[in-house]
Structures are given as structure tokens and as C-alpha cells.
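For reference, the chain that follows is the form predicted on its own, supplied as C-alpha cells.
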Amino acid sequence: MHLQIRRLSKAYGTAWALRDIDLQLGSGECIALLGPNGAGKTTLIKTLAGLVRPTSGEILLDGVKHSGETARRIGIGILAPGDHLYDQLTAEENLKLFLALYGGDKRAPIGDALASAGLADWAHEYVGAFSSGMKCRLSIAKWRLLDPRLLLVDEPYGVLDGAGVKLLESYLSDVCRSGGLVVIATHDVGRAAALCSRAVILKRGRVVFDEAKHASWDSFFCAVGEFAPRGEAWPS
């Protein structure tokens, strides 16, 4: 997977959410997408997912121009607390439906996916009765089954307990080890520094920092320090 973002911009009326974003991301990378509220992180995630159309610029996936219609075919997943699930279906029925929608293997081990997410005992319960954390766990099970090449993650930590965070981070590491690409938008700088192999910081819709992780990553924490002390959340 090779993702190229070329001079990508997005305006809402007269306000620019993204301005001239240029990035090249590759297989096996786990990218921390950081920045204060309003920096453009969620807009970039949604644009990469094909949910938002850019005002200008382009996105290329393995040299092919990306649009909303290609997201499912080329294997893009978005994991967020508001990830779309069907409340009127059970956990198991949700996974069966998404396998059908995405053309997955009908023999896929749904039971194993639910068990790996700690939801084996809730397989036949309606998702409408799930907590936000349980829904996030179900989304992890969903994407584990669908095996996206590009996984976009938007602020998942707030709804997960300690065990859920470990589950999420283990899954994201598995995606990268298998050659996938992960982009995670988060305010949790400490977790991003521990988990990710590269940091991209946005400020007012522009990239102000882009560096791969190395032994000390001093420049990363120096850049973060413009907004928040080391290891703390970004300010509102």
C-alpha cells in the first residue's frame, strides 16, 4: 500500500479545514495524526475514507486516484466511536451483514472475531443495548474480519477501558505487521509516541511536522511542546 496525498485542500464555505496537504505514507507504517481541536484531523480522516470530497488536490492509492466509490473496493476501513453499526441487529448479525456488503468470505470465523474482542457472550445481543466501549470493540471485530489495507482511526481512546485500549493497540500493531497502513487521529500524545512509527502534526489545516520515529524523537516532543507539555493531552 502506497498512499500519496498531493496538495489536498478542503474548504467549508470560506473556512479552510485543510490547506495544501502533501504526504507520502507506506505499508507497515502507523501514523499518529496529531494537533489541537480544529486542526483538521477528522476532516483529513474523512477525506481519506472517501466520506468527504476535497475542494482541490488528489489522493492516490498505489497510483490509482481515490474517490468515495473506490473505498470499499480497495480496502479502506474507518474505526471511530461513531462507527456505523446497526442497533436493531445483534453483534453476530452485524458482522454477517458487513461481510456481505464488503464481499468478505462467508465462512469467516465470526465467533473467533467476537471472542477476540471480548464479546463472545454478547454475540446474540442487540447492538442498541451496547455501551460505546462495546460498540468500539465490535468495530474492532468487524475490521479484523474485513482486513482493510488502510485503516483510519479517529479518537477511539475516550470510550475504551484499559483492556479495550490494549485490544485496540494490539490489533493496530497486527495490521501494520501484516503490511497494512494505519492512520490514527488522537489527542493522547503519550500513547501516540509509544504506539506509532511516525508523527504528523496539523495546525490550522496545514502540516507543521512530519517525522519518523527514532531513538529519542526529541524533535517530536519539541513540536508537541508548542501546544502541550510532554505526555499531556492537546488543549481545546
Partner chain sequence: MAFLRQAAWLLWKDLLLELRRRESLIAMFFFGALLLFIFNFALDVERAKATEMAPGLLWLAVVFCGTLGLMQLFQPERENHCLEALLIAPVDRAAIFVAKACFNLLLMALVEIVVFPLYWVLFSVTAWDRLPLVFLYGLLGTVGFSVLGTLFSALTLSARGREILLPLLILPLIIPIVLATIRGMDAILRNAELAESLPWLNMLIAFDVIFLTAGILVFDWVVET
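This structure is a prediction, so every number in the text was calculated from the model and none was measured. Positions refer to the first chain, counted from 1.
Note that the form predicted together with the partner chain isn't included here; everything after this is about it.
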Just one stretch in 204-212, 188-196, 26-34, 44-52 has heavy atoms within 4.5 Å of the partner chain in the predicted bound form, so which one is it?
44-52
Quick one: of 161, 112, 147, 87, which gets a non-hydrogen atom within 4.5 angstroms of the partner chain in the predicted bound form?
87
Between 97, 108, 120, 165, only one gets a heavy atom within 4.5 angstroms of the partner chain in the predicted bound form; which residue is that?
97
Indicate whether the partner chain has at least one heavy atom within 4.5 Å of a heavy atom of residue 143 in the predicted bound form.
yes
With the cut-off set at 4.5 Å between non-hydrogen atoms, does residue 101 touch the partner chain in the predicted bound form?
yes
is_contact(residue 76, the partner chain) in the predicted bound form, heavy atom dist at most 4.5 Å:
yes
Contact flag, residue 155 vs the partner chain in the predicted bound form, heavy atom cut 4.5 Å
no
